[in-house]
Ligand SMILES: CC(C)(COP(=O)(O)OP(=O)(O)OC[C@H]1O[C@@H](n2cnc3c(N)ncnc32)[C@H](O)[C@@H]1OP(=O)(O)O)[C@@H](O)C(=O)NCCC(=O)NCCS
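Okay, here we've got a single chain as structure tokens, the form predicted on its own, with questions on binding and movement later.
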């Protein structure tokens, strides 16, 4: 993939749901193969994910941003974010999901989506941002390069197995917004 190819970041809509679901399913299969069970990954479907994300789009305060490939107009990545789940102060928002198709990774799309998420969350009164990431995720260093720090661990059930996850926190959302692409 040409790392200098332009892409558009815009709010995600209901019209994007099937493409968002495709990015999620394909990315989980390419990223988490060998980490998560084959049965779990094979059982994921675009239809179920589209329904899940349609419900999520209807939750007050929850937002989506999508990265659009300029030639075909396809969604190649997305971020989903909003108010924190669980017992977290309301001025800390949560990045629920960030997925970029494998062939578009390392092109600045993830950084652009995280920074656009931070701008949106700051506009909603957030002073910090965090994301839960599977401990075995081979892309964890991405969050660290953007200045996030591991602050907590917990377990998450996926299918019939439990996996460790790590909470990454950007304590100062303003610093995240001001960072140059990919620079700590």
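Numbering follows the first chain given and starts at 1. All values derive from a computational prediction rather than experimental measurement.
FYI, the form predicted together with this ligand isn't displayed, but the following is about it.
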Heavy atom within 4.5 Å of this ligand in the model of the complex - the one residue of 133, 50, 122, 68 that qualifies = 133
Answer option from 127, 37, 139, 45, heavy atom within 4.5 Å of this ligand in the model of the complex = 139
Candidate stretches 150-158, 24-32, 37-45, 51-59 - the one whose heavy atoms come within 4.5 Å of this ligand in the model of the complex = 24-32
State yes or no: in the model of the complex, is some non-hydrogen atom of residue 81 no more than 4.5 angstroms from a non-hydrogen atom of this ligand?
-> no
Examine residue 64 and determine whether its closest non-hydrogen atom to this ligand in the model of the complex is within 4.5 angstroms.
-> no
Taking heavy atoms only, is residue 92 within 4.5 angstroms of this ligand in the model of the complex?
-> no
Residue 75 near this ligand in the model of the complex, any heavy atom under 4.5 Å?
-> no
Residues in 102-116 close to this ligand in the model of the complex, defined by a heavy atom within 4.5 Å, in order | 105, 106, 107, 108, 109, 110, 111
